[in-house]
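Before any questions on how it binds or moves, here is one chain, the form predicted alone, in structure tokens.
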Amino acid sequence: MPASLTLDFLPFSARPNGVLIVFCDDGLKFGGAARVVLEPAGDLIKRAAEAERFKGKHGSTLEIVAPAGLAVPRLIVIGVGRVKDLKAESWVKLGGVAMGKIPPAATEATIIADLPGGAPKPERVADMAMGMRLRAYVFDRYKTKRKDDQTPAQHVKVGIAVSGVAAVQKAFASRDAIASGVLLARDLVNEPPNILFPDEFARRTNALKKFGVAVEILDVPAMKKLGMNALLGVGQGSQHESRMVVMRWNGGKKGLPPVAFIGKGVCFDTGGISIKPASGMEDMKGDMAGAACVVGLMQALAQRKAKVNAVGAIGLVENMPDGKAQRPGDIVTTMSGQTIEIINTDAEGRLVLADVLHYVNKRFKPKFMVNLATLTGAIIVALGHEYAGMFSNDDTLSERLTKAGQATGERVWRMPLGPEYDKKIDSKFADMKNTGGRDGGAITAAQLLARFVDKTPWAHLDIAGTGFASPQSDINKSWGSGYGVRLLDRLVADHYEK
């Protein structure tokens, strides 16, 4: 995979350079611009397709090395299936397929963005380019050696030939911003925990200031003054002090209430005194994927100058077991005044979110709040790695999130909430306990969070199965997925920009 990518948009008349990529439908038909370029090859593609049983099915590919008649080192034909069935997300995936077929050592490639029946709309070409950016991502900054057969070119330049350069460039600007937000989230999730501890994570959010985001970092004394004892209790066993970061983008009308996004940022989770098993514990560097998403989303909104007022807030802690660590049996008083008995110190994310949710709700009085958290293994048992679990007190917000998930491929599945589950987190000694046991574990965790949002429309996304180590796809080969950035950007774009 190339180490870096440059995308240029060119007119159809431009001369192809490097690897040549074209699209065909399920009848092996090409667009007019592609036919002109392929004409010197005669019936080469037809014969190769017959030999390989290539039918032009969506996402399928045909490769011809040193194609006779064409002055290119390699020809790649990508099937799109039936043109009328293509949707925006189809083009994103096609961009990922195209990027994935460029050989690792290639330095140049040309894609002819044309189809039988006419050139695709500028927005669809822009979607394809976004898919290429997402697929090109690699996180290898800590590698010092590579296998000989995996040595990539340091840079690949891809020219995308289109019917209207200016229109595609305009459409791509917003997609480029979204892709940058996703890649930022992936970077944060992929970083090792000895590098990205709470203070360093908070420091990196300052980079959003160049996009016009106001960034406020609260340290331990500031949070103590606010009474955020639930959040602080999680991090009190670590040598790395906890932080909370509040990010604000004011792109909407002055005075309008913001939309709000809250992220769990446990930079490493040992489980604390209730320590986790050693096997797989290294994955707990990704327990801040919710916070990473919020940071990536705030950058995307600001970079594309979204016409919305938005708040992003993340609670950053490290859950470690030392002599100062929180104990099972402890009782903490949250910022809201409600008390929580600690039953299991590995049920820590909900403690962080409880204080941050209350803080955001009280200070900003938002239109809605959406929080993201790699909160429970129970949601993976329920939904696997294909959907995030969604819990909500508002049907409209839930429906909008569901549709945004279907449009972007970052899917959510609504799970139940109800007073029957409250009984499982009732405590003999405090207002509630922080875990209700194994049965319905994802639900009781959400039920606790619901006690800190009052009547504000709210959705909790449990991304334990999608935030990291999720199945790889045409647009992601990274351990950290960046899940949620595209989902929530789409939610905002479709319903909350004015």
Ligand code: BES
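What you are looking at is a predicted structure, and each value in this text was computed from that prediction instead of being measured. Sequential numbering from 1, following the sequence displayed.
The form predicted in complex with the named molecule is left out here; the points below concern that form.
Proximity to the named molecule in the predicted bound form, taken as a non-hydrogen atom within 4.5 angstroms, holds for one residue of T376, N309, N361, S180, which is T376. Checking D176, D187, E241, D346 against the named molecule in the predicted bound form, a heavy atom within 4.5 Å turns up for just one residue: D346. Among heavy atoms of V215, none comes within 4.5 Å of the named molecule in the predicted bound form. Under a 4.5 angstroms non-hydrogen atom cutoff, the named molecule in the predicted bound form has D269 among its neighbouring residues. The closest heavy atom approach of R135 to the named molecule in the predicted bound form falls outside 4.5 Å. Residue contact with the named molecule in the predicted bound form: I76 places no heavy atom within 4.5 Å of it. The three residues K276, D287 and F468 all sit with a heavy atom within 4.5 Å of the named molecule in the predicted bound form. Residues with any non-hydrogen atom within 4.5 angstroms of the named molecule in the predicted bound form fall in just one of 67-75, 291-299, 368-376, 164-172: 368-376.
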